[in-house]
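Next up: just one chain, as structure tokens, the form predicted alone.
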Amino acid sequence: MSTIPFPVQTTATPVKPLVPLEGLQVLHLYYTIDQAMWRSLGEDEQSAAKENFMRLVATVRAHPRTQLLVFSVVTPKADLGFMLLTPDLHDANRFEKELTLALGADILQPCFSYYSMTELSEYTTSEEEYKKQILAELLTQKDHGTEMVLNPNDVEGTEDFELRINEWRMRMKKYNQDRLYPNMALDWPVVCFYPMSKRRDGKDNWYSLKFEERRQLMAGHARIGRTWHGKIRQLITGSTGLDTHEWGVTLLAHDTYHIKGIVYEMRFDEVSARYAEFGDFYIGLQLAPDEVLRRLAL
């Protein structure tokens, strides 16, 4: 009986990049270590596996427009965590498969993952809305203690008006750039991740509210967040249609005290108190890759 040999593919079939119209692909990956499987490896096999892990982390980090955070997870929910940001979905998929096998087959056991994308907020003030705010401030001016009501045509186009509009445009350009293409600092050691959605229960249905009401609520929510500037770096990524919740929240800090503080304070805000549903929280510590391996007793 003749056999037909299985065809061996010698060259990779090129694939067209899957880069979104805007933003980055974001993967949060969490693993436990099968210590029994690891200890069944010989010393040379373990050394080769650790070298492969280090080399892969360096390779992913060197890839264009790609960032990789590596951290040891604080609780037994997981041992090792990654946060990967990259434009091309094919690269994100390829890197995830390689990271899962970075220490060899069956050593890293996936225990939680989350897929989302960087995105802009739909509640951000538009230029037209900001122009109305400026006009409202500038139309009434004081002259020797007496209020003067000015004509809008006397305000629009003035040097003061244009200066404030241009400053706003520059701020928004940086804000949008930071939302879509963030720089996830490697020197902020504490990494907190949790998924969340907006509630749809009866009177507490977020999506039954008028847009303007939702925008006003989110503006108040954002004001609380800004009070933690310098203590917390936050990235909100969208996952509607991509994973189990609607958003992923990543917080970076130098102290878990501040992680606990911002989450606690925001839960009293109506946006969270009435409308938020949270998933599990994962806390990790960013470390150099070789220190991560030592921390994991590998």
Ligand code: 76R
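These numbers come from a predicted model, not from an experiment. All residue numbers are counted from 1 along the displayed sequence.
There is another form of this protein, the form predicted in complex with this ligand, and it is not shown here; the text below is about that form.
- Heavy atoms within 4.5 Å of this ligand in the model of the complex are found in one stretch of 265-273, 32-40, 45-53, 61-69, which is 265-273.
- For the chain shown alone, Gly104 is not a contact residue for this ligand in the model of the complex, no non-hydrogen atom being within 4.5 angstroms.
- Although the partner is absent here, Tyr175 is a contact residue: one of its heavy atoms lies within 4.5 angstroms of this ligand in the model of the complex.
- Taking the partner from elsewhere, Gln234 is found to have a heavy atom lying within 4.5 Å of this ligand in the model of the complex.
- Taking the partner from elsewhere, Tyr194 is found to have a heavy atom lying within 4.5 Å of this ligand in the model of the complex.
- Site residues Val73, Lys97 and Pro110 are none of them in contact with this ligand in the model of the complex, judged by any heavy atom within 4.5 Å.
- Though this ligand is absent from this view, in the model of the complex it lies within 4.5 Å of a heavy atom of just one residue from Arg164, Lys77, Arg199, His221, which is His221.
- Screening Tyr123, Trp188, Trp168, Tyr181 for any heavy atom within 4.5 Å of this ligand in the model of the complex leaves a single hit, Tyr123.
- Taking a 4.5 Å heavy atom cutoff to this ligand in the model of the complex, the contacting residues in 235-260 are Ile236, Trp247, Val249, Leu251.
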